[in-house]
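One chain comes next, on its own, written out as structure tokens in the form predicted alone.
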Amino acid sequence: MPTRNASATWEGGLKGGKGSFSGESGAVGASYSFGTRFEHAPGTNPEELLAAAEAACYSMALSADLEKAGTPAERVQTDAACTLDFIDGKPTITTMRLRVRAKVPGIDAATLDKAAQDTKVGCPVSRALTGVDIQVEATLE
């Protein structure tokens, strides 16, 4: 299996500093700051990247699980919300909420929900997030 690489640089102090990151493919990269991470300044942050990784991985994993069960999906869309809270005074990623909409001919809502919950424990990014409360809400289109 391949190993993927990325790098990040932070310059300056926490509140006045700035950072940037990039992936080796060149497909991702941006700047970030204290304001984009802990306040509501425009721009990206590590939690947004983690949410994007979870949404992409989960959509692919659910599609694979449905196909394996003999009910291939025409479309799976996942919106992910990654929550950063302070626990014992330290910033901690506590929750990842997934809202999944899937177009899957031949299944009912209960079958989709079971597949969605099962995928939550098998998705590689979800597995990397052990200790994070991953919540999944799945609906049929």
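One-based numbering along the sequence shown. Keep in mind the model is a prediction, meaning the values are calculated, not measured.
Just so you know, the form predicted together with a further copy of the same chain exists too; it's not on screen, but the next bit is about it.
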| item | value |
| --- | --- |
| 4.5 Å heavy atom contact, residue 69 and a further copy of the same chain in the predicted bound form | no |
| Contact flag, residue 63 vs a further copy of the same chain in the predicted bound form, heavy atom cut 4.5 Å | yes |
| Contact of residue 56 with a further copy of the same chain in the predicted bound form (heavy atom, 4.5 Å) | yes |
| Contact flag, residue 114 vs a further copy of the same chain in the predicted bound form, heavy atom cut 4.5 Å | no |
| Partner contacts in the predicted bound form for 6-22 (non-hydrogen atom within 4.5 angstroms of a further copy of the same chain) | 6, 7, 8, 9, 10, 11, 12, 13, 14, 21 |
